[in-house]
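Let's start with one chain on its own, the form predicted on its own, as C-alpha coordinates.
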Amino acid sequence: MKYTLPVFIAFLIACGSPAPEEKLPEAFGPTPNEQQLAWHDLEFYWFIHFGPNTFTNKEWGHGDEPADAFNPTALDCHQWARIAKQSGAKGIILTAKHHDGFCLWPSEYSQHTVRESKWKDGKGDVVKELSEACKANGLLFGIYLSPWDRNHPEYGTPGYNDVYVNTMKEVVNKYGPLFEFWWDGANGEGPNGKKQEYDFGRFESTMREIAPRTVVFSDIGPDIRWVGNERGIAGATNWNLLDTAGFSRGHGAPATDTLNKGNVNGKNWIPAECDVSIRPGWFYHAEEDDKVKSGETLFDLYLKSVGRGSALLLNIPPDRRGLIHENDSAALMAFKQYRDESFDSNLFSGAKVSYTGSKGAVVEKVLEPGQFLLPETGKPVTVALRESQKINTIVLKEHIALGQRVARFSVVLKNGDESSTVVAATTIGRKRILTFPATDVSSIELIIDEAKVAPVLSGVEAYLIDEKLVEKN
(Lines give C-alpha, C1' and ligand atoms only; values in the text may rest on other atoms or scores of the structure.)
Protein backbone atom coordinates (compact mmCIF):
# COMPACT_ATOMS: atom_id res chain seq x y z
CA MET A 1 0.00 0.00 0.00
CA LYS A 2 1.43 3.38 -1.02
CA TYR A 3 0.92 6.73 0.71
CA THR A 4 1.99 10.24 -0.23
CA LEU A 5 4.32 11.77 2.36
CA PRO A 6 1.73 14.22 3.83
CA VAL A 7 -0.85 11.43 4.15
CA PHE A 8 1.70 9.13 5.80
CA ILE A 9 2.70 11.82 8.31
CA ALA A 10 -0.97 12.51 9.10
CA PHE A 11 -1.49 8.78 9.59
CA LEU A 12 1.39 8.62 12.10
CA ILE A 13 0.06 11.61 14.02
CA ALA A 14 -3.43 10.12 14.17
CA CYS A 15 -2.00 6.90 15.56
CA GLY A 16 -0.08 8.70 18.29
CA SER A 17 3.31 7.96 16.80
CA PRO A 18 6.33 8.36 19.11
CA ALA A 19 9.07 10.87 18.39
CA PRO A 20 11.38 9.88 15.50
CA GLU A 21 14.19 8.83 17.85
CA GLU A 22 11.88 6.42 19.68
CA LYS A 23 10.53 3.11 18.47
CA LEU A 24 7.69 1.17 20.02
CA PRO A 25 8.90 -2.08 21.55
CA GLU A 26 7.54 -5.51 20.75
CA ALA A 27 4.44 -6.70 22.60
CA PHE A 28 5.16 -8.41 25.90
CA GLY A 29 3.22 -11.22 27.54
CA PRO A 30 -0.51 -11.71 27.04
CA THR A 31 -2.18 -8.90 25.08
CA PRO A 32 -5.80 -8.03 24.35
CA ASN A 33 -7.39 -9.06 21.08
CA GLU A 34 -9.31 -6.61 18.90
CA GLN A 35 -12.62 -7.25 20.65
CA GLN A 36 -11.10 -6.86 24.10
CA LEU A 37 -9.43 -3.57 23.13
CA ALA A 38 -12.79 -2.25 21.94
CA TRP A 39 -14.38 -3.43 25.20
CA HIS A 40 -11.73 -1.59 27.28
CA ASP A 41 -12.68 1.65 25.53
CA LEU A 42 -16.36 1.36 26.52
CA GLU A 43 -15.60 2.17 30.19
CA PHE A 44 -19.26 2.41 31.31
CA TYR A 45 -22.41 0.56 30.30
CA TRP A 46 -25.66 -0.65 31.84
CA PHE A 47 -26.96 -3.89 33.27
CA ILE A 48 -30.76 -4.30 33.32
CA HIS A 49 -32.37 -6.85 35.65
CA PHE A 50 -36.02 -7.20 34.69
CA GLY A 51 -38.51 -10.07 34.84
CA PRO A 52 -41.03 -11.75 37.16
CA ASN A 53 -38.89 -10.80 40.18
CA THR A 54 -39.76 -7.16 39.42
CA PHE A 55 -43.42 -7.98 40.15
CA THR A 56 -43.05 -10.58 42.92
CA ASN A 57 -40.57 -8.44 44.88
CA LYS A 58 -37.93 -11.19 44.83
CA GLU A 59 -34.25 -11.21 43.95
CA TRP A 60 -34.03 -14.90 43.03
CA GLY A 61 -37.30 -16.34 41.75
CA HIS A 62 -38.12 -19.99 42.38
CA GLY A 63 -39.23 -20.76 38.85
CA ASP A 64 -42.80 -21.56 39.88
CA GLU A 65 -44.06 -18.00 39.50
CA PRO A 66 -46.96 -17.84 37.02
CA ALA A 67 -46.08 -16.28 33.68
CA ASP A 68 -48.88 -13.76 34.24
CA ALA A 69 -46.85 -12.29 37.09
CA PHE A 70 -44.91 -10.49 34.38
CA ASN A 71 -47.13 -7.63 33.24
CA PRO A 72 -45.53 -4.18 32.85
CA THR A 73 -48.17 -1.52 32.31
CA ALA A 74 -46.17 0.97 30.22
CA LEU A 75 -42.98 -0.75 29.07
CA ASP A 76 -40.83 1.56 26.95
CA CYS A 77 -37.40 0.24 25.98
CA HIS A 78 -36.75 3.44 24.05
CA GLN A 79 -37.02 5.32 27.35
CA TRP A 80 -34.37 2.98 28.80
CA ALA A 81 -32.08 3.53 25.84
CA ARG A 82 -32.54 7.31 25.81
CA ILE A 83 -31.64 7.61 29.48
CA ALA A 84 -28.70 5.24 29.02
CA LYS A 85 -27.44 7.38 26.15
CA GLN A 86 -27.90 10.58 28.15
CA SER A 87 -26.00 9.04 31.08
CA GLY A 88 -22.99 8.40 28.84
CA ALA A 89 -23.36 4.61 28.85
CA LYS A 90 -22.10 2.86 25.73
CA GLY A 91 -24.42 -0.16 25.85
CA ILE A 92 -26.96 -2.25 27.75
CA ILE A 93 -26.83 -5.89 28.88
CA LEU A 94 -30.28 -7.37 29.55
CA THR A 95 -31.12 -10.32 31.80
CA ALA A 96 -32.95 -12.13 29.00
CA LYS A 97 -33.33 -15.14 31.34
CA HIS A 98 -32.58 -15.12 35.06
CA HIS A 99 -32.42 -18.12 37.41
CA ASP A 100 -36.23 -18.45 37.48
CA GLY A 101 -36.06 -19.56 33.84
CA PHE A 102 -38.53 -16.95 32.56
CA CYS A 103 -37.55 -15.84 29.04
CA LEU A 104 -38.15 -12.22 28.07
CA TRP A 105 -38.62 -13.39 24.48
CA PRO A 106 -40.91 -16.12 23.07
CA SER A 107 -38.28 -18.87 23.08
CA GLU A 108 -38.84 -22.07 21.12
CA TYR A 109 -37.03 -23.96 23.89
CA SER A 110 -39.13 -22.99 26.92
CA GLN A 111 -42.76 -22.90 27.98
CA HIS A 112 -42.09 -20.20 30.56
CA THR A 113 -41.83 -17.01 28.51
CA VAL A 114 -43.53 -13.74 27.64
CA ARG A 115 -45.58 -15.79 25.18
CA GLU A 116 -47.34 -17.49 28.12
CA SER A 117 -48.02 -14.16 29.90
CA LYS A 118 -50.95 -11.81 29.45
CA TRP A 119 -48.59 -8.93 28.65
CA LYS A 120 -49.44 -7.82 25.11
CA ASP A 121 -51.69 -10.88 24.86
CA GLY A 122 -48.62 -13.08 24.72
CA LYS A 123 -47.24 -11.33 21.63
CA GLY A 124 -44.60 -9.20 23.35
CA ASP A 125 -40.81 -9.52 23.10
CA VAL A 126 -38.72 -7.44 25.49
CA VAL A 127 -35.41 -8.61 24.02
CA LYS A 128 -36.46 -7.52 20.52
CA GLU A 129 -37.74 -4.17 21.74
CA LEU A 130 -34.57 -3.39 23.65
CA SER A 131 -32.23 -4.56 20.88
CA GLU A 132 -34.07 -2.27 18.45
CA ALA A 133 -34.05 0.63 20.93
CA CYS A 134 -30.30 0.25 21.43
CA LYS A 135 -29.68 0.33 17.67
CA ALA A 136 -31.90 3.41 17.31
CA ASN A 137 -29.95 5.23 20.03
CA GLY A 138 -26.46 4.19 18.93
CA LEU A 139 -25.93 1.81 21.87
CA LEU A 140 -24.42 -1.64 21.94
CA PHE A 141 -26.58 -4.55 23.07
CA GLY A 142 -25.64 -7.56 25.19
CA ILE A 143 -27.39 -10.49 26.82
CA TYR A 144 -27.23 -12.21 30.21
CA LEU A 145 -28.51 -15.78 29.90
CA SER A 146 -28.47 -17.67 33.18
CA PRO A 147 -27.42 -21.31 32.80
CA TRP A 148 -29.33 -22.07 36.01
CA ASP A 149 -33.01 -22.64 35.23
CA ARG A 150 -35.37 -23.33 38.14
CA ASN A 151 -38.30 -23.94 35.78
CA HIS A 152 -37.15 -26.03 32.81
CA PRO A 153 -38.13 -29.71 33.19
CA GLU A 154 -34.86 -30.90 31.59
CA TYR A 155 -32.63 -29.00 33.99
CA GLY A 156 -30.47 -31.48 35.88
CA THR A 157 -30.27 -33.89 32.93
CA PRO A 158 -27.78 -34.18 30.04
CA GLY A 159 -30.50 -32.92 27.70
CA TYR A 160 -30.50 -29.49 29.31
CA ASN A 161 -27.09 -28.71 27.86
CA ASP A 162 -28.66 -29.13 24.42
CA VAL A 163 -31.46 -26.81 25.47
CA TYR A 164 -29.00 -24.16 26.67
CA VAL A 165 -26.89 -24.36 23.50
CA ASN A 166 -30.01 -24.00 21.35
CA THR A 167 -31.15 -21.06 23.47
CA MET A 168 -27.79 -19.31 23.01
CA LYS A 169 -28.01 -19.82 19.26
CA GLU A 170 -31.57 -18.51 19.27
CA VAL A 171 -30.80 -15.19 21.00
CA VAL A 172 -27.62 -14.59 19.00
CA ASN A 173 -29.35 -15.25 15.68
CA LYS A 174 -32.49 -13.25 16.50
CA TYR A 175 -31.05 -10.32 18.42
CA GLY A 176 -27.36 -10.05 17.52
CA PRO A 177 -24.82 -8.76 17.00
CA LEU A 178 -24.07 -8.73 20.71
CA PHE A 179 -21.14 -6.84 22.20
CA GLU A 180 -21.08 -9.00 25.36
CA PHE A 181 -22.53 -12.31 26.52
CA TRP A 182 -22.83 -12.80 30.30
CA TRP A 183 -22.59 -16.15 32.10
CA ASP A 184 -23.59 -16.29 35.74
CA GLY A 185 -21.83 -19.00 37.73
CA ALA A 186 -24.89 -19.81 39.89
CA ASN A 187 -25.79 -23.52 39.88
CA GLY A 188 -28.66 -24.64 42.09
CA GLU A 189 -31.42 -27.19 41.94
CA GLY A 190 -34.04 -27.31 39.21
CA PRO A 191 -37.72 -28.32 39.49
CA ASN A 192 -36.69 -31.99 39.75
CA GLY A 193 -34.41 -31.27 42.71
CA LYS A 194 -31.25 -31.91 40.70
CA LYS A 195 -28.31 -29.70 39.83
CA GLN A 196 -26.95 -29.43 36.30
CA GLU A 197 -23.48 -30.38 35.16
CA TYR A 198 -22.89 -27.50 32.77
CA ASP A 199 -20.90 -28.27 29.63
CA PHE A 200 -19.12 -24.91 29.57
CA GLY A 201 -16.54 -26.21 27.11
CA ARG A 202 -19.32 -26.76 24.61
CA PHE A 203 -21.00 -23.47 25.53
CA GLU A 204 -17.75 -21.60 24.91
CA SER A 205 -16.99 -23.28 21.59
CA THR A 206 -20.55 -22.57 20.48
CA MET A 207 -20.19 -18.87 21.26
CA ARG A 208 -16.88 -18.72 19.39
CA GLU A 209 -18.58 -20.27 16.38
CA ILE A 210 -21.79 -18.23 16.28
CA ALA A 211 -20.51 -14.91 17.71
CA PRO A 212 -16.72 -14.70 17.32
CA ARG A 213 -16.67 -10.92 17.90
CA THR A 214 -18.73 -11.05 21.11
CA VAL A 215 -16.73 -10.81 24.34
CA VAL A 216 -17.81 -13.42 26.89
CA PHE A 217 -17.96 -12.78 30.64
CA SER A 218 -17.74 -15.22 33.54
CA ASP A 219 -15.63 -15.79 36.67
CA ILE A 220 -12.79 -16.96 34.42
CA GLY A 221 -13.66 -15.39 31.10
CA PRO A 222 -12.70 -16.38 28.44
CA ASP A 223 -12.66 -12.64 27.63
CA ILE A 224 -13.70 -10.76 30.78
CA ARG A 225 -13.63 -11.83 34.42
CA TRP A 226 -15.75 -11.03 37.44
CA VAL A 227 -14.05 -8.53 39.74
CA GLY A 228 -14.73 -10.67 42.81
CA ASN A 229 -17.41 -8.48 44.43
CA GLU A 230 -20.73 -6.85 43.59
CA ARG A 231 -19.72 -3.46 44.98
CA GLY A 232 -18.26 -2.17 41.71
CA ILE A 233 -14.71 -1.86 43.03
CA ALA A 234 -11.56 -3.15 41.35
CA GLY A 235 -8.37 -3.84 43.25
CA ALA A 236 -6.00 -0.94 43.89
CA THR A 237 -3.58 -3.34 42.21
CA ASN A 238 -5.33 -4.63 39.13
CA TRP A 239 -3.68 -6.84 36.53
CA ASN A 240 -5.57 -7.61 33.35
CA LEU A 241 -4.03 -11.08 33.50
CA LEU A 242 -5.48 -14.28 34.96
CA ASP A 243 -4.49 -17.91 35.27
CA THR A 244 -7.45 -20.20 34.60
CA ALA A 245 -5.85 -23.66 34.51
CA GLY A 246 -7.42 -25.88 37.16
CA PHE A 247 -10.34 -23.50 37.81
CA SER A 248 -13.98 -23.62 36.74
CA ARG A 249 -16.93 -21.25 36.81
CA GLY A 250 -19.00 -20.85 39.96
CA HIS A 251 -17.72 -22.63 43.07
CA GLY A 252 -14.53 -23.68 41.27
CA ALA A 253 -13.48 -20.12 40.44
CA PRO A 254 -10.31 -18.47 41.76
CA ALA A 255 -10.49 -16.74 45.15
CA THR A 256 -12.29 -13.41 45.10
CA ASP A 257 -9.07 -11.64 46.09
CA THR A 258 -7.39 -13.09 42.99
CA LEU A 259 -10.31 -12.06 40.79
CA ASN A 260 -10.10 -8.56 42.27
CA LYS A 261 -6.37 -8.12 41.61
CA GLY A 262 -5.64 -10.52 38.76
CA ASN A 263 -2.38 -12.45 38.48
CA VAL A 264 0.82 -10.46 38.01
CA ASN A 265 2.19 -13.13 35.66
CA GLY A 266 -1.13 -14.54 34.48
CA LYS A 267 -1.14 -16.51 31.25
CA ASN A 268 -4.33 -14.99 29.78
CA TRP A 269 -5.55 -11.45 29.08
CA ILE A 270 -8.84 -11.50 31.02
CA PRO A 271 -9.57 -8.03 32.45
CA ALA A 272 -12.03 -7.35 35.28
CA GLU A 273 -15.54 -5.99 34.89
CA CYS A 274 -17.03 -4.23 37.94
CA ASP A 275 -20.72 -5.00 38.35
CA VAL A 276 -22.85 -3.10 40.87
CA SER A 277 -26.46 -2.00 41.18
CA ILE A 278 -27.63 1.59 41.53
CA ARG A 279 -29.96 0.24 44.25
CA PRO A 280 -29.39 -2.21 47.12
CA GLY A 281 -31.11 -4.93 45.06
CA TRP A 282 -30.61 -6.04 41.46
CA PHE A 283 -34.33 -6.04 40.65
CA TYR A 284 -36.69 -3.14 41.28
CA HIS A 285 -38.28 -2.86 44.71
CA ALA A 286 -40.48 0.14 45.51
CA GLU A 287 -39.16 0.28 49.08
CA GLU A 288 -35.72 1.09 47.64
CA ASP A 289 -36.83 4.21 45.78
CA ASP A 290 -35.15 6.36 48.43
CA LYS A 291 -32.01 4.21 48.49
CA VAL A 292 -30.71 5.00 44.99
CA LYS A 293 -26.97 5.70 44.94
CA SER A 294 -26.25 9.41 44.51
CA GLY A 295 -24.33 10.94 41.63
CA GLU A 296 -21.40 11.47 44.01
CA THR A 297 -21.40 7.80 45.03
CA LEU A 298 -21.53 6.69 41.41
CA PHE A 299 -18.60 8.98 40.59
CA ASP A 300 -16.60 7.41 43.41
CA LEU A 301 -17.37 3.97 41.93
CA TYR A 302 -16.16 5.25 38.56
CA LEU A 303 -12.83 6.23 40.14
CA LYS A 304 -12.53 2.77 41.71
CA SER A 305 -13.47 0.82 38.59
CA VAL A 306 -12.63 2.65 35.37
CA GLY A 307 -10.01 4.60 37.34
CA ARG A 308 -8.28 1.31 38.18
CA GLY A 309 -8.20 -0.04 34.64
CA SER A 310 -11.55 -1.89 34.66
CA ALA A 311 -15.01 -1.21 33.24
CA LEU A 312 -18.14 -0.21 35.16
CA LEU A 313 -21.28 -2.31 34.59
CA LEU A 314 -24.02 -0.40 36.43
CA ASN A 315 -27.37 -2.10 36.99
CA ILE A 316 -30.47 0.07 36.44
CA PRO A 317 -33.63 -1.99 37.15
CA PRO A 318 -36.86 -0.83 35.46
CA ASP A 319 -39.91 -0.55 37.70
CA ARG A 320 -43.26 -2.32 37.41
CA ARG A 321 -44.41 0.14 34.78
CA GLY A 322 -41.48 -1.00 32.64
CA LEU A 323 -39.78 2.39 32.98
CA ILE A 324 -36.56 3.67 34.52
CA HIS A 325 -37.62 5.30 37.77
CA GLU A 326 -37.26 9.05 38.12
CA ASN A 327 -34.88 8.75 41.10
CA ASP A 328 -32.52 6.51 39.16
CA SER A 329 -32.59 8.84 36.18
CA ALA A 330 -31.80 11.89 38.32
CA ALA A 331 -28.81 10.14 39.91
CA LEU A 332 -27.52 9.08 36.50
CA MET A 333 -27.73 12.61 35.13
CA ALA A 334 -25.79 13.92 38.14
CA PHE A 335 -23.19 11.19 37.60
CA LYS A 336 -22.83 12.22 33.94
CA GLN A 337 -22.48 15.89 34.88
CA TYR A 338 -19.76 15.10 37.41
CA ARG A 339 -17.78 13.14 34.82
CA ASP A 340 -18.16 15.83 32.16
CA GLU A 341 -17.18 18.67 34.45
CA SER A 342 -14.35 16.80 36.13
CA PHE A 343 -12.53 15.71 32.98
CA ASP A 344 -13.35 18.62 30.69
CA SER A 345 -10.07 20.53 30.96
CA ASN A 346 -6.76 18.66 30.91
CA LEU A 347 -4.33 21.00 32.66
CA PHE A 348 -1.34 19.16 31.17
CA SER A 349 -2.44 19.76 27.59
CA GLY A 350 0.41 21.58 25.83
CA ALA A 351 2.77 21.23 28.81
CA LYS A 352 6.44 20.41 28.22
CA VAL A 353 7.54 16.88 28.97
CA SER A 354 11.07 15.54 29.17
CA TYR A 355 12.47 12.15 30.12
CA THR A 356 15.27 9.73 29.49
CA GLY A 357 14.15 7.34 26.81
CA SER A 358 14.51 3.58 26.86
CA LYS A 359 17.81 3.85 24.96
CA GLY A 360 19.32 6.54 27.18
CA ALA A 361 18.61 9.57 24.97
CA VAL A 362 16.85 12.62 26.43
CA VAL A 363 13.42 13.16 24.88
CA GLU A 364 11.68 16.54 24.98
CA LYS A 365 8.27 17.31 23.52
CA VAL A 366 4.94 19.00 24.15
CA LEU A 367 2.22 16.79 25.59
CA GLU A 368 -0.52 16.14 23.05
CA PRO A 369 -3.37 13.63 22.96
CA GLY A 370 -2.47 10.21 21.57
CA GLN A 371 1.25 10.53 22.25
CA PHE A 372 3.42 7.64 23.35
CA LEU A 373 6.02 8.13 26.08
CA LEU A 374 8.76 5.51 26.43
CA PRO A 375 10.59 6.43 29.64
CA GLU A 376 13.39 4.45 31.22
CA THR A 377 12.31 2.63 34.37
CA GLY A 378 13.51 4.40 37.54
CA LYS A 379 14.10 7.79 35.89
CA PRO A 380 11.66 10.70 36.06
CA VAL A 381 9.25 11.89 33.40
CA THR A 382 9.08 15.62 34.09
CA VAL A 383 5.98 17.56 33.09
CA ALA A 384 6.46 21.35 33.41
CA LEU A 385 3.49 23.72 33.36
CA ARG A 386 3.68 27.26 31.99
CA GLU A 387 2.54 28.51 35.40
CA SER A 388 1.59 27.01 38.74
CA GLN A 389 -1.80 25.30 38.74
CA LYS A 390 -3.90 23.76 41.47
CA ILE A 391 -4.60 20.08 40.70
CA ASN A 392 -6.05 17.13 42.60
CA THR A 393 -6.27 14.44 39.92
CA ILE A 394 -3.77 12.75 37.64
CA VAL A 395 -4.76 10.30 34.90
CA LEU A 396 -2.21 7.85 33.51
CA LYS A 397 -2.64 5.41 30.63
CA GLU A 398 -0.64 2.49 29.34
CA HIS A 399 -0.58 1.39 25.71
CA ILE A 400 -2.14 -1.95 26.61
CA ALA A 401 -2.11 -3.23 23.04
CA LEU A 402 1.53 -4.09 23.81
CA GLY A 403 0.68 -5.66 27.18
CA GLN A 404 0.44 -4.45 30.77
CA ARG A 405 3.92 -3.56 31.98
CA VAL A 406 3.96 -1.16 34.93
CA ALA A 407 3.96 -2.76 38.39
CA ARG A 408 4.66 0.29 40.58
CA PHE A 409 5.03 4.04 40.11
CA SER A 410 5.14 7.32 42.01
CA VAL A 411 4.28 10.93 41.22
CA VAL A 412 6.16 13.80 42.86
CA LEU A 413 4.13 17.03 42.93
CA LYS A 414 6.36 20.11 42.90
CA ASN A 415 5.73 23.83 43.16
CA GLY A 416 8.94 25.68 42.48
CA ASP A 417 11.38 25.25 45.36
CA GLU A 418 8.63 24.54 47.87
CA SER A 419 8.25 21.15 49.52
CA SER A 420 6.96 18.37 47.32
CA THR A 421 4.25 15.75 47.80
CA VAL A 422 4.57 12.14 46.68
CA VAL A 423 1.63 10.04 45.46
CA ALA A 424 2.43 6.36 44.89
CA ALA A 425 0.44 3.46 43.45
CA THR A 426 0.87 0.15 41.68
CA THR A 427 -0.62 -0.88 38.34
CA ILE A 428 -1.80 1.47 35.58
CA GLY A 429 -3.44 -0.57 32.81
CA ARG A 430 -5.73 1.15 30.33
CA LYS A 431 -6.43 4.06 32.72
CA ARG A 432 -5.37 4.93 36.25
CA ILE A 433 -7.01 7.86 38.01
CA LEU A 434 -5.21 9.16 41.09
CA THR A 435 -6.91 11.72 43.33
CA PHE A 436 -5.44 13.64 46.23
CA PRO A 437 -6.02 16.92 48.13
CA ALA A 438 -5.77 19.95 45.85
CA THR A 439 -2.12 20.99 45.52
CA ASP A 440 -0.39 23.91 43.79
CA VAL A 441 1.85 22.39 41.15
CA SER A 442 4.34 23.89 38.71
CA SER A 443 5.71 20.51 37.63
CA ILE A 444 5.51 16.83 38.39
CA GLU A 445 7.95 13.97 38.20
CA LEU A 446 6.44 10.63 37.24
CA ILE A 447 8.73 7.71 38.04
CA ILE A 448 8.03 4.19 36.91
CA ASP A 449 9.60 2.47 39.91
CA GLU A 450 9.05 -1.09 38.68
CA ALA A 451 8.06 -2.53 35.33
CA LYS A 452 8.20 -5.97 33.76
CA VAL A 453 9.81 -4.52 30.62
CA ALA A 454 10.20 -1.05 29.11
CA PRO A 455 7.02 0.95 29.88
CA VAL A 456 4.86 2.43 27.12
CA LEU A 457 2.57 5.25 28.28
CA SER A 458 -0.19 6.66 26.11
CA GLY A 459 -1.41 9.45 28.36
CA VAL A 460 -0.44 11.76 31.24
CA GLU A 461 -3.20 14.19 32.24
CA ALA A 462 -4.09 16.43 35.18
CA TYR A 463 -7.36 17.91 36.41
CA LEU A 464 -8.88 19.96 39.19
CA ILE A 465 -12.19 18.37 40.09
CA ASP A 466 -14.77 19.27 42.73
CA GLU A 467 -13.13 18.65 46.10
CA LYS A 468 -16.21 16.84 47.45
CA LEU A 469 -15.62 14.13 44.80
CA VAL A 470 -12.02 13.52 45.71
CA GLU A 471 -10.50 10.96 47.98
CA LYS A 472 -7.13 9.24 47.74
CA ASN A 473 -7.41 6.30 45.36
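For every residue, the number given is its place in the sequence shown, counted from 1. Just so it is clear, the model here is predicted, and its values are computed rather than measured.
FYI, the form predicted in complex with a small molecule isn't displayed, but the following is about it.
Interface residue among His99, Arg249, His325, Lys336, judged by heavy atoms within 4.5 Å of the small molecule in the predicted bound form: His99. Checking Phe44, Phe436, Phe55, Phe47 against the small molecule in the predicted bound form, a heavy atom within 4.5 Å turns up for just one residue: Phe47. For the marked spot (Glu108, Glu170 and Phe203), a heavy atom within 4.5 Å of the small molecule in the predicted bound form is absent from each of the three residues. The small molecule is not shown here, but in the predicted bound form it comes within 4.5 Å of a heavy atom of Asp275. In the predicted bound form, at least one heavy atom of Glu230 sits within 4.5 Å of a heavy atom of the small molecule. Contact check for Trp60: a heavy atom falls within 4.5 Å of the small molecule in the predicted bound form. Remark: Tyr175 does not count among the residues lining the small molecule in the predicted bound form, judged by a heavy atom distance of 4.5 Å or less. Here the chain stands alone, but in the predicted bound form its contact with the small molecule, taken as any heavy atom within 4.5 Å, falls in 181-189 among 350-358, 300-308, 81-89, 181-189.
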